[in-house]
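Given next, in structure tokens, is a single chain: the form predicted on its own.
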Amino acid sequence: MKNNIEIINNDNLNESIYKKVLENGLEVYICVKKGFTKKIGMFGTKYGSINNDFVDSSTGERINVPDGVAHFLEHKLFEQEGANALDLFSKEGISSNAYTSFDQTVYYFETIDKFKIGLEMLIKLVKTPYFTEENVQKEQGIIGQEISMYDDDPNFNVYFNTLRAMYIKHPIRIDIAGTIDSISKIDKEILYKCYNTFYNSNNMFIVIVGDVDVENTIDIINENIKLYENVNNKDKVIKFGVDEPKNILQKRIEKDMGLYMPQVSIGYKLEPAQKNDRIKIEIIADIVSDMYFSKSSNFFEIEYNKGAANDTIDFSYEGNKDFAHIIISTTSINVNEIEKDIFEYIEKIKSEEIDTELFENTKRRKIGENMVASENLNSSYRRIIDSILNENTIYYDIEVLSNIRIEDIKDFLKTLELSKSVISIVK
């Protein structure tokens, strides 16, 4: 290939991903899906809501900014001078949106027949910030309404109260959008400081999934990125974490929202894992979820039949280099019973022998699900982005899953310490 592109193959999934690092440091990943009609383009930055403490690239000095800037930037980049980017995409018949999480912000589009136009518009969207005092002030009102809306959402409250009970200092305990008070302190200077620091190409990535020509796509990206080189730099982004204590803040948080069916969330605070272990722990947690908490599990059947669990019991892992936890959530009209049963059940499965047949069947099913997921565009881009953020090779999860042992399940269960558990209830 003329662009000196790295090819990453996976024979099990019959899939190839093409990687190219541009001169300005921008990483480009293209997963070709022959025969698929839909194409997805994503332009992301390794910058999320928890990255408030960093070195300002324009001054070289360490600064701390208000909560909610990453999400605020996501909103503002869609407002270009004299136009709204969502309207521009829509006029072309292209679907577009964005999301901000704890550690990333990603802008994307989906199209069937206007891939080149969509890719050009996506790059322009991300690379042409337009902030004024007037449009920043207007956005404060819009995001303020969004924050207020989430304050009335039981799902949001039960989840974030779990985090607030577990974490003492870490910014993960704050809503991704910030607070009414914190966003009132955001101005255009802060936005430009954060944009110029985190939206430099050396801290960003483009992911393309679909039936596209690889070399032609690389050329389109190169040509369009060069139009905006004046806003790029290759400085290494320096972010600072917090010295989060190992213990929890409080055991219990309850909030009364007048629900007929209360929501329950139990959290276990874990030690943050090294980059090579984060994917492994996520896979182990997924296996544990299926074995012990899925609708086919004995525990769920018992809790459902006696009315302690209403629909599902979700068991999931979240983590990066700075934080890690397990959250178990469900709805129940018998909060005291489901709470007691889950805590007792965790202690029970930690001490008992693991059913070998159940483990092997679950593992085989997960391997099969991976094969099926390779036919899904969303699964393909999620795998690529996860590998970027965790600094793993792209198909590392496939390798890890095939090597998971019963001993890994036992070791993981031991990390669920009762002294580091919390409970959040929305009544």
Partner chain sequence: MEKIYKVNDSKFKSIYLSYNFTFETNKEDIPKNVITSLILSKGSKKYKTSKEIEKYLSSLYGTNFDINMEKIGDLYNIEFRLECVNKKFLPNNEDVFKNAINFLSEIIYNPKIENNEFDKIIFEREKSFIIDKINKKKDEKLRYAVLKTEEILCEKEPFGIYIYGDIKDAENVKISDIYDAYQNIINNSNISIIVSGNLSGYEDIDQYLKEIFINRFNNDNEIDKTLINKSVKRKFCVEDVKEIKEKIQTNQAVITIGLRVEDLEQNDFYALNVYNSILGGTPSSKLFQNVREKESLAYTTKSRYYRFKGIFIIYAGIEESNYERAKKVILDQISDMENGNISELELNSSKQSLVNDLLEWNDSKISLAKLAYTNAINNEKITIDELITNMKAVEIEDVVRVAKKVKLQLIYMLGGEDNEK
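Whichever C-alpha set is largest while still superposing within 1.5 Å between the two forms counts as the rigid core. All values derive from a computational prediction rather than experimental measurement. Residue numbers count along the first chain shown, from 1.
Not pictured, yet referred to below: the form predicted together with the partner chain.
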| property | result |
| --- | --- |
| One residue of S184, N224, N310, T128 in contact with the partner chain, assessed in the predicted bound form (non-hydrogen atom, 4.5 angstroms) | N310 |
| Proximity to the partner chain in the predicted bound form, single hit among E133, E301, D213, E344 (heavy atom within 4.5 Å) | E301 |
| Stretch in contact, per heavy atom within 4.5 angstroms of the partner chain in the predicted bound form, of 49-57, 62-70, 384-392, 32-40 | 32-40 |
| Whether N14, K91 and Q145 all lie within 4.5 angstroms of the partner chain in the predicted bound form by heavy atom | yes |
| Touches the partner chain in the predicted bound form: P154 (any heavy atom, 4.5 Å) | yes |
| Contact of T179 with the partner chain in the predicted bound form (heavy atom, 4.5 Å) | no |
| Interface membership of S374, the partner chain in the predicted bound form, 4.5 Å heavy atom rule | yes |
| Residue contact check: I398 to the partner chain in the predicted bound form, 4.5 Å heavy atom | no |
| Rigid core fit then N14 CA moved by 2 Å or more between this form and the one not shown | yes |
